[in-house]
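First, one chain by itself: the form predicted on its own, in structure tokens.
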């Protein structure tokens, strides 16, 4: 089995878990069919996961909303909590100060919240205080940036950075794979970040499956200004391009501006993260942007919903398991004009 095939198999299974988790948090349909859970207890007797239970107090902390994706993390968490009358969500002010975020979690511990949903600014730095919460009997749901110690979280909700690269590369292969001389370029995010390294590795691996490689590569910084600078540098270095993968749709606003200013449109572009702005452009077919790869900004919402299930001792009703899984990794689908309507309602605003 090829590396790409193995990855697709893995992410396909994970995607199924993610879908099941969402179904479990929003109600079970099996009860309508008279289904039973493990042990012979009917879901009708147990009640839907949507039924209000004891109030669950959840502390939530995430970095500052200095990026459309990050802003959506907190916004979607609030929306998920608002959907349930039995959730009392306490949101700490977003911060990129690790010491302040540590103190926020310490406050949650001292207040005796029922669960903590935490997207750490720095996973390693936040590990000790997350361990303190777990030792105090407060389940921690780790979102997006992993802790250094797996014992610091009861549940980890992750996107798939490597899978983003695989999805982008596979799509470009499907469009250009019959042209072995195709010139492929990459506009990465911050090169020092593991997530950027994972995205680039997945992209390289997927392109290799169809005999292509990355001919020109530049790195930006996840900002509009950085994207425009990086794209300008790319155009100067590459007089001819067939396809570009830009890792991030927020920096993609600057990338597209650089392309337009230079009058270059001989190539197709694939975006990254899945902003609503990018999806609207794909719908309108008004630029070189023809697709984007989703990195879900709903991870915070998933964290809230799983915290509720944990505290109320509920399970994901569409699974045989009687406990919430230890880890849920979300899929990185490619969005094109053919399926954009399926994804745009959950996309983040740049």
Partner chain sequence: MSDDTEVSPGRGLPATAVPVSPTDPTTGTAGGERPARGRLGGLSGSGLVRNLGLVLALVILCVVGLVTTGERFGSTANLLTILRLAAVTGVISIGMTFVITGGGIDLSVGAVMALSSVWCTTLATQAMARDTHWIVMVGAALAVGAACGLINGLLVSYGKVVPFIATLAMLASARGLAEIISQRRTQIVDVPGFTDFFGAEVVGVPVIVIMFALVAAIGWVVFNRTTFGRRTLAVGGNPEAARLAGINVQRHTVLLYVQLGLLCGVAALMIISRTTTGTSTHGTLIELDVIAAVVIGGTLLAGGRGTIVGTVIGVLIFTTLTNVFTLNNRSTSEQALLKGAIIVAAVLLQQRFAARSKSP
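Positions refer to the first chain, counted from 1. Please read these numbers as outputs of a predicted model, since none were measured by experiment.
Keep in mind that the form predicted together with the partner chain is missing from the display, and what follows is about it.
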Task: Triplet 100, 107 and 148 all within 4.5 Å of the partner chain in the predicted bound form via a heavy atom - done: yes
TODO: State yes or no: in the predicted bound form, is some non-hydrogen atom of residue 121 no more than 4.5 angstroms from a non-hydrogen atom of the partner chain?
DONE: yes
Task: the partner chain contact in the predicted bound form: residue 208, any heavy atom under 4.5 Å - done: no
TODO: Although the partner chain is absent from this view, report whether residue 234 comes within 4.5 Å of it in the predicted bound form, heavy atoms only.
DONE: no
Task: Heavy atom of residue 212 within 4.5 Å of the partner chain in the predicted bound form - done: no
Task: Contacting member of 260, 85, 135, 191, with respect to the partner chain in the predicted bound form [4.5 Å, heavy atom] - done: 191
- [ ] Report the residue, out of 181, 265, 111, 225, that has at least one non-hydrogen atom within 4.5 angstroms of the partner chain in the predicted bound form.
- [x] 111
Open item on the list: Tell me which stretch of 162-170, 252-260, 192-200, 239-247 has a heavy atom within 4.5 angstroms of the partner chain in the predicted bound form.
Closed with: 192-200
- [ ] Select from 62-97 the residues with a non-hydrogen atom within 4.5 Å of the partner chain in the predicted bound form and write them out in sequence order.
- [x] 89, 90, 91, 92, 93, 94
